[in-house]
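A single chain comes next, written as C-alpha cells; it is the form predicted alone.
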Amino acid sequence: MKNYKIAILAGDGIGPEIMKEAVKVLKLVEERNDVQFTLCEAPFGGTAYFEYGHPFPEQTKKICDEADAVLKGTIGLSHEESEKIPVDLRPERGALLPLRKRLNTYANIRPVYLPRELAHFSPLKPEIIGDGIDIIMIRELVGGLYFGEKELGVNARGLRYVKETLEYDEEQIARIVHVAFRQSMKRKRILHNIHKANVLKSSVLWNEIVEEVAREYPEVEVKHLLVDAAATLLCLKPGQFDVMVMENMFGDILSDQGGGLLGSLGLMPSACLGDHTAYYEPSHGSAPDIAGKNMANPYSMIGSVAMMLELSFDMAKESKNIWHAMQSVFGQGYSTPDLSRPGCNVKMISTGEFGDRVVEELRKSG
C-alpha cells in the first residue's frame, strides 16, 4: 500500500469549510484504492498570525517540508482584520509568497474549463462559448515583479516614491516554458505565448527564450500575443485558446479573468508545481463575508484534490472520476449560490450538500 503525507493548510475565511469537503473526497479515494493518506493539519494565514504570531509558523514550515504534497485552502481576512497585522506579515506577503519560494513551486497550472452543458453559468453569450471553454493557463510563479526588490521612501524632492524590480533570468523562463510545451504536446499542440514585448524588455527576453525552447517541440505551433489583446480575445473568442503561458503578473490577472469567463472563481482549482513538491489550492479568495454560512462553493477545492491525485500521486483515473462527479452534480441542476443566475432554474445546495453529492456520485464510478 502506498502512503502519502499531505499537509492540510485550511487557511482563513471559507477555507476550513471547503477543506472539509475536500477531505471527504480524499477519504473515499482512500477507501477505494490501495493507498493511505496521512493528513497533517497546520496553521497558515491570518488566523495563524493571531494565534501564533506569524502567518507561516515554523511548525507549518516543517510539515510542508516533509509532505509529499500540500493542499491549501483560502487565505486573507477582512480589511478591518488585515489592518491589525503588520503589512509584511499579512497572509499574502507573510505566508503565500514565502510558501512558493520555500517549495520553489515555479509552475502554476490553472484549468479554465466549462463544458457546453454548463454554459448557463457563464456571463458570455452562448454563441461566444460555442462548444465550451477548455483552456490551460500556465503562469510562472516565483519570479518577476512580485518577487523583485522593493523600495519605499521619500526622494530628494521630498516626494514619496516606490520602486519595484521585475527580474527574470533565462533559466527561470526556460523551465516554465518547457512546462507549457509539455502540456501542449498532450493537447492540441497550440501554444499561445502571452507577452508585452512592445513595451517591456523583460518580454523581449521572454520571447527569445520561447523561440529557443520551441525548437525542441517542432510539433507545437506557437502563437505570440500581447497581453492586452489576449484579455480582449478571451472575452470575444475564448475557443481559440488551448494552452497559454505567461509571466507572473500577467498570469495572475488573466487567470482571474478566466474565472470570470466561467461565471465564478469558484470553478477554478490550481496546481503549483516545483521540481520536488507541489501545492494545490482554489484560485479564489477567502470570502470572509460568507465564512461560516455553509454557502461557499467547494468545487475549486475538490478540483484541487483531483489535480493533486493526477500530478503528484499518479492517480489519473480517480482524478477523472472526481471531475466527472462534480460535473454530474451540476448536470443534475444543483448549484451553490455563487453560480446563481436569473432564469437558471438551479437547485441551491449548501457547501456540505455539494460535497456529499460529489461523494455520492464518486461512489458510482468504477
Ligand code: IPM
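Numbering starts at 1 and runs along the sequence shown. Small disclaimer: the values here were computed from a predicted structure and weren't measured.
Only in words, not in the display: the form predicted in complex with the named molecule, which the text now covers.
In summary, among the residues 195, 90, 192, 100, the only one with a non-hydrogen atom within 4.5 Å of the named molecule in the predicted bound form is 100. With the partner omitted here, the residue from 81, 252, 134, 211 that has a non-hydrogen atom within 4.5 angstroms of the named molecule in the predicted bound form is 252.
At a distance threshold of 4.5 angstroms between non-hydrogen atoms, residue 281 is in contact with the named molecule in the predicted bound form. Residue contact check for residue 121: none of its heavy atoms lie within 4.5 Å of the named molecule in the predicted bound form. The named molecule is not shown here, and in the predicted bound form it never comes within 4.5 Å of any heavy atom of residue 220.
The closest heavy atom approach of residue 146 to the named molecule in the predicted bound form falls within 4.5 Å. Look at 122-130, 171-179, 92-100, 229-237: in the predicted bound form, residues with non-hydrogen atoms within 4.5 angstroms of the named molecule sit in 92-100.
For the stretch 197-233, the set of residues having any non-hydrogen atom within 4.5 angstroms of the named molecule in the predicted bound form is empty.
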